[in-house]
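A single chain, nothing else alongside it, follows as structure tokens in the form predicted on its own.
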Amino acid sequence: MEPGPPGSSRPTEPGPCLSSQQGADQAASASLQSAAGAQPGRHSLAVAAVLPAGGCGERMGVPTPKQFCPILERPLISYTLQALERVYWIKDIVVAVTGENMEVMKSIIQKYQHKRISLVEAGVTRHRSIFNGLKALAEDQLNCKLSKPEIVIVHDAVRPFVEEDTLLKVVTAAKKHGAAGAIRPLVSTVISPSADGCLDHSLERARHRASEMPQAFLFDVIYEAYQQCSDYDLEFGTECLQLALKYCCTKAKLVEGSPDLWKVTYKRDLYAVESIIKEKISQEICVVTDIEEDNKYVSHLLEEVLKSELNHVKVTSEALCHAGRDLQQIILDQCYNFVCVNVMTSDFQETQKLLSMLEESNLSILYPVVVVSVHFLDFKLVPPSQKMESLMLIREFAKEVKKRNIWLCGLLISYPQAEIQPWGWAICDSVCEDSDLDGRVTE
């Protein structure tokens, strides 16, 4: 087994230090204990996950294995790891990758600060890769941080949208029945062709389901199944639930899964994943202002306009004046879109303060962060030269923060102070390092 990078085992919190998970973690653990029948005072159910990630992505038709294809400049497998790391009660995550991609996987773990990850050598088939992951969890190796779990989850590296609720359902069902798996209704009718290429028979679609991931098992059940299964199964089989049934007589409980459990298979699926991620991280905008809470007239107006124009987006507003505890909480809750309104000053100080907070949070490690810096200048008081200096400062700063995955754009609004009206602002200049803003906050 190939251990993860230094510090990769059993952290207090998974992934980058983005949010305080303590309350959610305790709730998840309590829910899992209750669902699994744990008694007060007993430790929570030991759960691990195995991700086979040794495929070459032949059906996708691209040279890069699909699990390493970039989505918003970040490998697809990183999104899947993040989804599992968010689940506090999954203690270990074992990823099976080919030897030639071992260093690539290590660099992904390090760059995106993934935790609780251990690497093993993938086999030549899916089942052999899963078996290698199970053996790593079963074997008591020297200097190995892994321990044998009671329940093991098997999930695909290219299903990035798995939610904790689904994972909890399959784990709970596996605890009771020995095995469980997510299913979805069939979209197309399944037919069987004859040897001459004609229709032999078709299946009644309403009576069948598509087997999806995640699946969960009592560890002893699935490990015994893999130890007993034939070479033919290891070479050509794909269904883990069938192995548990065939070799351990364990009938899996089938759990209805969500529509987001689909597997990235073809090149077009990459664009669908990117679209879903963009939509997900565009659901909240925070308007930050440099004025006192009781005098937030301008930011309040902007907030109301955004709410009316983007009625599907959550819009909040906060002040940078004090300690910024509320703003820090918004950042910790992983808001990725900010509008920084500078009313009291014409310089870049408040926006720089916000950018510093964002950089310290490591928020942009996982997704691009969009910041729109809005500056109000009285054109009767501020000379044109100062206006241009502000514009150029924003442009230069945007180049720097873009290196840290923060997309900064500037908006300069000139107005006569005595005549400012809610709908009477004249937008004079706009500076943006990338006008597309990665497809977000541009509606």
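We number the residues from 1 along the sequence you see. In this text the structure is predicted, and so the values were computed from the model without any measurement.
In what follows, reference is made to the form predicted in complex with a small molecule, a form of this protein that is not presented.
**Student:** Check whether Ser317 has any heavy atom within 4.5 Å of a heavy atom of the small molecule in the predicted complex, and answer yes or no.
**Tutor:** No - in the predicted complex, heavy atoms of Ser317 and the small molecule never come within 4.5 Å of each other.
**Student:** I'd like to know if Gln228 sits close to the small molecule in the predicted complex, meaning any non-hydrogen atom pair within 4.5 angstroms.
**Tutor:** Flag for Gln228 set to no.
**Student:** Determine whether any heavy atom of Lys263 comes within 4.5 Å of a heavy atom of the small molecule in the predicted complex, and answer yes or no.
**Tutor:** Residue-level check for Lys263: yes, a contact with the small molecule.
**Student:** At the 4.5 Å heavy atom threshold, is Met213 in contact with the small molecule in the predicted complex?
**Tutor:** Contact check for Met213: yes, within 4.5 Å of the small molecule in the predicted complex.
**Student:** Tell me, which of Gln328, Asn362, Thr238, Gln349 has a heavy atom within 4.5 angstroms of the small molecule in the predicted complex?
**Tutor:** Exactly one residue meets the criterion: Thr238.
**Student:** Which residue, Arg86, Arg126, Lys106, Lys175, has a heavy atom that falls within 4.5 Å of the small molecule in the predicted complex?
**Tutor:** That would be Arg126.
**Student:** Go through 365 to 373, 205 to 213, 110 to 118, 349 to 357 and give me the stretch that gets within 4.5 Å of the small molecule in the predicted complex, heavy atoms only.
**Tutor:** Comparing against the small molecule in the predicted complex, the contact stretch is 205 to 213.
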